[in-house]
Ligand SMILES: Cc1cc2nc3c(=O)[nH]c(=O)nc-3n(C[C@H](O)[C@H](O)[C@H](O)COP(=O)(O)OP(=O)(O)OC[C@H]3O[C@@H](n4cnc5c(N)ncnc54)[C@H](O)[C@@H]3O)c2cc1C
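The form predicted alone is given below as one chain in structure tokens.
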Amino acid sequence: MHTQTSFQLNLKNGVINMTETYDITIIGGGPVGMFAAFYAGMRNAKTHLVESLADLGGQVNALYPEKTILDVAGYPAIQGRDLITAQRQQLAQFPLTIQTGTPVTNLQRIVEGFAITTPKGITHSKTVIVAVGNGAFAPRPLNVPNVDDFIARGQVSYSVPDKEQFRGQRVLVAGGGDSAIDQALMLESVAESVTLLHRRNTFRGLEHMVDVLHQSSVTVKTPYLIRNLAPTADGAVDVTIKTVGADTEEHVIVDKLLISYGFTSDYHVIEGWDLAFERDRRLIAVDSTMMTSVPGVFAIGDGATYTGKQPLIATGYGEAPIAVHQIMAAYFPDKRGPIHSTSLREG
């Protein structure tokens, strides 16, 4: 299955004939994949960016457009949607080939490098950078009876596409990680009140943000679990919460409940490719140059791992130029590499 073969394009059933061979194909159009495409453009690499979602931006754009991001150098704080808008403007500087709404169904080694198969056709690429994050994602659900009824009424949600929907509302956020803390603090400015509920006494968020949380007007309730949801006579939500390790229960009346338990990841797309990567706890293992166990294929962002890896956007941004630089040095040695960042647009 992993043998090197010659390659013929399939033109049947209206499949697009895409005969160009790219220097670099980047699979995944989240913030890290977008930055990799930008940096590849800076190196004058012929670049193809493929994203399975309808728009670029990954989880930041699809789930957290209102979230304030704090770990991007040069920005004290920036909203998710503004970050993605800025990155789109970066990409517009170069003649890149960008496809959205295009899942990669197979990745094969061929004589020319690699064949990338999508529902829209098959392309060639000399090298590949995998930047798929955590793969296809779905929110971890709240497992209580009749939760779907409240979701249908818009009273229970798993993301904040528009924080104005929470204006003047009594909001309960459930979760204990960075996202839960960020969302609670984000909604503090528009909601009538915000309560953050967590099943442990300690939070898993960054220490500074936990300090900000405790200094805010957000009501913190720990350690509690949600046991039941019921409608009130005036159309609000009666949330029954239980103390962890005890039988005591309380009722919290809110207008909206935001569940922030994290996401489950689905790697079935990668696992269906004709290339097998060395994995570490389901993530793609890479070396110090971001190369995978398959020569010519590199991985960056949350889907890649190595000793000491921190799963941050800032980390992924740093990995992108490492991968691109290694590709240009190893596979395109005739192209002059930059001495420092300011030389990228000179000469």
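Counting begins at 1, following the sequence as shown. Bear in mind that the values here come from a model prediction, so they are computed numbers and not experimental data.
One more form of this protein should be noted, the form predicted in complex with the ligand, which is absent from this view; the next part is about it.
Site annotation in the predicted bound form: the residue of S159, T102, T123, Q155 reaching within 4.5 Å of the ligand with a heavy atom is T102.
Taking a 4.5 Å heavy atom cutoff to the ligand in the predicted bound form, the contact residue among L63, A45, L283, V294 is L63. Shown alone, this chain has one stretch from 188-196, 221-229, 174-182, 140-148 that lies within 4.5 Å of the ligand in the predicted bound form by heavy atoms: 174-182. Using a 4.5 Å cutoff between non-hydrogen atoms, V128 does not count as a contact of the ligand in the predicted bound form. The ligand in the predicted bound form is approached by L312, whose closest heavy atom lies within 4.5 angstroms of it. Proximity of L53 to the ligand in the predicted bound form falls within the 4.5 Å heavy atom cutoff. Taking the partner from elsewhere, A40 is found to have every heavy atom lying beyond 4.5 Å of the ligand in the predicted bound form. Applying a 4.5 Å heavy atom cutoff to the ligand in the predicted bound form picks out D71 as the lone residue from 71-89.
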